[in-house]
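A single chain, nothing else alongside it, follows as structure tokens in the form predicted on its own.
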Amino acid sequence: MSETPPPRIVIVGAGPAGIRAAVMLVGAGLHPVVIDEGQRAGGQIYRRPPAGFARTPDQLYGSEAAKASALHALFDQLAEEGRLTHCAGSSVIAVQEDRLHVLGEGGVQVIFHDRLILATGASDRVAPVPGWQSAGVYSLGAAQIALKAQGVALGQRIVLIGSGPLLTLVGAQLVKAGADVAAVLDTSSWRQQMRGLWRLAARPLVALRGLALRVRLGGRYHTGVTLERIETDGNGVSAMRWRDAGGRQHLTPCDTIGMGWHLRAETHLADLAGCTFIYDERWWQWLPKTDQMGRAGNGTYLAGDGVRLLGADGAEIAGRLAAAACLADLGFPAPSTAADLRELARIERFACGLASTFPWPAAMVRALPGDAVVCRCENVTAGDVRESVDFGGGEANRVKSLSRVGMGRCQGRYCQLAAVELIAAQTGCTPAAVGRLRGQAPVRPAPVGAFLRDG
């Protein structure tokens, strides 16, 4: 009588959520496959530089250095001992029933699974500002990655715009590294921040660290600003035009703009896996629906910022919960999760406080001039989106088909939320009523040659 083969469990993402899920599965005697786009585990928040990099963990991760180093060491040990399979530098570009199509150095391969844990994380949430399509404009995450991975600042004189913890964190990191940061412009008003301060009491030490970052920025940091335009010359960005909280106009010379309004959950693979989505009014975006353990149905589990934007600590807990749910569903003994669920609830209260304290600038997006570019991939303007609504109605995918918004290389990652705001304003409905852009494979650009097995 043949033995039943062990279940094939695949984890997508080797950030805090993916690492913790893998550790729990290994502890239960299973051998998970971990697929990650990075060459070394850590994810975006704990991204590791190339070997031989001179900067220390303290310099790279600040107060989170001990956590980052511990996670790195734990995952590396399991991989070196052969207790898990790490597919580094690989990107899942499609999900089809029980198989993943994975793009790596050797082309596209198919990996089968019995259970799938998606720990895909998040990316920058950006809002269009007139001129943002110009050379020299980056997301806050891109600026942080360049600093962590290569030890460089993207530009000689930098202005950062947006709102949320990442804005001040990147600003402080760049200043500490010696970069010339001319201004950090926060669209959230001081009154808005004070009104939401009480909600941040759920994690007082984290809130205090955020305040310390502002102190480090000093007079560079401005709240309640109105962003008017990114000025350009023949070579790219030349200045940022903005108004302060008192209405006074400023023109700050710079050659680089970093922008971002908190985070946007990376949900394309969850979409292809058949997950249900709901519009979360706290975060102003569509998020996958799961139970408190991360179950999304059909043998799929979600963990980390790809389902709930709770940061690195929340991602670690969510990774453990998803793995525990997977083990329980497979009939394996699973550890008690009561303490993790309580802690995750506390972190979620704090995260919701951040969302209300540093809100998505919906009013700014809805007031964009007609010639402002919304979709940089396809050069679709705010006027194009509004015209498509008037012609074909206010459903997101209908507007997409008429205007090409969200049809470019990023598949709406950077324009979808803004386009939805414009559609909602034009039709007089809510963003939830507009709907979301449907995902499609491949979720990342892939060369045709990668699909040719004999090529």
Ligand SMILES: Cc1cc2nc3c(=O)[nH]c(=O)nc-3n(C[C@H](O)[C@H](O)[C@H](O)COP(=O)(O)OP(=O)(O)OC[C@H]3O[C@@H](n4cnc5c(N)ncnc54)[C@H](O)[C@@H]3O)c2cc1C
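From 1 onward, residues are counted along the sequence shown. Quick caveat, the model's predicted, so the values are computed rather than measured.
Same protein, other form: the form predicted together with the ligand, not shown, and the subject of what follows.
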property	result
The ligand overlaid from its position in the predicted complex: site open or blocked at 2.4 Å backbone/C-beta	open
Contact flag, A315 vs the ligand in the predicted complex, heavy atom cut 4.5 Å	yes
Contact test in the predicted complex: D124 vs the ligand, heavy atoms, 4.5 Å	yes
Distance check, R115 to the ligand in the predicted complex, heavy atom within 4.5 Å	no
Contact flag, T187 vs the ligand in the predicted complex, heavy atom cut 4.5 Å	no
Candidate stretches 210 to 218, 225 to 233, 340 to 348, 89 to 97, one within 4.5 Å of the ligand in the predicted complex by heavy atom	89 to 97
Listed residue (Q285, T290, T300, Q144) with a non-hydrogen atom within 4.5 angstroms of the ligand in the predicted complex	Q144
Option touching the ligand, based on a heavy atom within 4.5 Å in the predicted complex, out of G164, G131, G311, P361	G311
Triple contact flag V12, I45 and A119 to the ligand in the predicted complex, non-hydrogen atom at 4.5 angstroms	yes
